[in-house]
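Take a look at this single chain in structure tokens; it is the form predicted on its own.
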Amino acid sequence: MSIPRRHFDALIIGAGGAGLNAARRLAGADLRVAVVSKVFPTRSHTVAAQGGVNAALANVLPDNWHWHMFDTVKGSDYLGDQDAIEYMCREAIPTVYELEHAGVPFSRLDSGKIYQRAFGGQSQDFGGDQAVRTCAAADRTGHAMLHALYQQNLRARTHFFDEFFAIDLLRDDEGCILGALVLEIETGEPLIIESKTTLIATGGYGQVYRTTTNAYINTGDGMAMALRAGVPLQDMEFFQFHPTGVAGKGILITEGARGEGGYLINARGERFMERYAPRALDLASRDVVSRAIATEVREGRGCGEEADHVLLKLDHLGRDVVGRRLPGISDICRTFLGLDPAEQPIPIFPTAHYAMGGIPTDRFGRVVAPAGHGPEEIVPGLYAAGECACVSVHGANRLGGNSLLDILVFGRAAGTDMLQFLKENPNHRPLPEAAVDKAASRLARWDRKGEGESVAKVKAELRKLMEDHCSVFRTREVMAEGVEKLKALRERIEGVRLKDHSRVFNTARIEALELDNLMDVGMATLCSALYREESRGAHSRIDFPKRNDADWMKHSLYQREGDRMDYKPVRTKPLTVESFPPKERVY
């Protein structure tokens, strides 16, 4: 089969904030840049980010990057790499100003400065009073950023392959990444994109859970591609459950609602966070609030006929504040719940939200992987940034407002390092036909028609399995059972068949390829969680309720071959300041 080919200096897979910020940097240097996205770029999941982006601008209260760094290290439950965290918190301030100059319409204070709101787990003076650090565009911050970045890329003449699906990376015998095989979703025609350097920026994989804030597109495609290329995934046991998803639906209610003064109550009308975080209350770290809500429901203090949720109160803030600061939340509540949050409380429950783990990278966005069983080495020509990557700045638990910051800072860092890589490697390397054949075989595998199980059936079982066996609270017995069930489900993929292509739209094959990817990242999550025998951040073990720094102050690495687990140390040495040693994490 003859497959058409295109050649570019840089290939970026994913058109969210990380991908577009890297593309803007590269295209602005007059390079040929291709951005592949399985949806139109402004539908990438960055558009759903609501609350804001953290930067110590001190527009409302005193602040500095060092306090921000402390909060991020503490929020990570001391599993974050402190050199990368220092870099991110320092770069936050110029990054936000750069975005402002690029056209992001931030909300404004009366002084004209960028509006900032309070968010969870953030403090002044290394654990003191509540900080006000999160820069916001009402409650549609990601939407504002993504549109501005897309427009800047159009200006820079970035080449977009809209509604193309990345099948697999192309790799030569020396391990260099030379581009990717992609598929035009509308026509089903494959295309080889050869590139001197490649960035994976495909976002998260929340669709592995039945109830999630994530869009249908979040299926772990980039992470699974990295696994198939021999790169392990790091810290996959740490999947964040956002405390305030709409009960039963999973739709996100931004932490900014609590930052504006909203608070949680149980069936007795109690502000129950006083029991779990007496100082920070409703603005404790997300893992703390999620466990508190789950505990209230488990102990019989839930609300509603089924006693299966708690309530988020905003009505005391007044219609003006709710309408001006939280217009998107108001729309969500009216559309999906038929209620006005300025008058009635919102039913909420924790929902799968964000992957702290992903493709291991350094702070320049370069993918690093063990060479055999030896030390880590940089994978030549391959970069990753955003939620699909693990720098690691979030460690065991991400602070709200640090996700947009992560994608922007490290997307730009990756773009900058790719420029240097291209100066040192100005020519295309020869692409072996064996690499194309290997990638094409994955596509051919899903030309199976006839009688068999459907993709939808197997995917539904996978998502329920993950929710039942790897949720907010975990035990060895439950997770071990989940691993065995998932292994059996993985084998059943071979019996999955598509309907006759003449009678269905081509997306059937895309959904099958996505299921492949979800199986891989789901197994990475369950195996990593099963073997970490402690509670840390978002990984909460009932059978190992304490954090164990002596044995588990290390990153996990899941290898697809043999479902093998390896580990590596946390980088506790910052770049220029003293490290923050582990201590008890209380709010």
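Note that this is a predicted model, so its numbers are computed, not measured. Each residue number is its position in the shown sequence, starting from 1.
Keep in mind the form predicted in complex with a small molecule is missing from the figure; the text below concerns it.
Engineer: At 4.5 Å between heavy atoms, only one of the stretches 161-169, 421-429, 471-479, 267-275 reaches the small molecule in the predicted complex; which one is it?
Structural biologist: After filtering at 4.5 Å, what remains is 161-169.
Engineer: Among S37, G203 and E387, does every residue place a heavy atom within 4.5 Å of the small molecule in the predicted complex?
Structural biologist: Yes, the whole candidate spot contacts the small molecule.
Engineer: Given that the small molecule is not shown alongside this chain, does Y354 nevertheless sit within 4.5 Å of it in the predicted complex, heavy atom to heavy atom?
Structural biologist: It does: once the small molecule is placed as it appears in the predicted complex, Y354 has a heavy atom within 4.5 Å of it.
Engineer: Under a 4.5 Å heavy atom criterion, is A10 part of the interface with the small molecule in the predicted complex?
Structural biologist: No.
Engineer: With a 4.5 Å heavy atom cut-off, would you call A23 a contact of the small molecule in the predicted complex?
Structural biologist: Contact check for A23: no, nothing within 4.5 Å of the small molecule in the predicted complex.
Engineer: Does the small molecule get within 4.5 angstroms of any non-hydrogen atom of A49 in the predicted complex?
Structural biologist: Yes, contact at 4.5 Å.
Engineer: Scan V289, C89, I359, I407 and let me know which has any heavy atom within 4.5 Å of the small molecule in the predicted complex.
Structural biologist: Looking at the other structure, the residue within range turns out to be I407.
Engineer: With the small molecule left out of view, choose which of T197, N397, Q234, T213 has a non-hydrogen atom within 4.5 angstroms of it in the predicted complex.
Structural biologist: Partner contact (heavy atom, 4.5 Å) among the options: T213.
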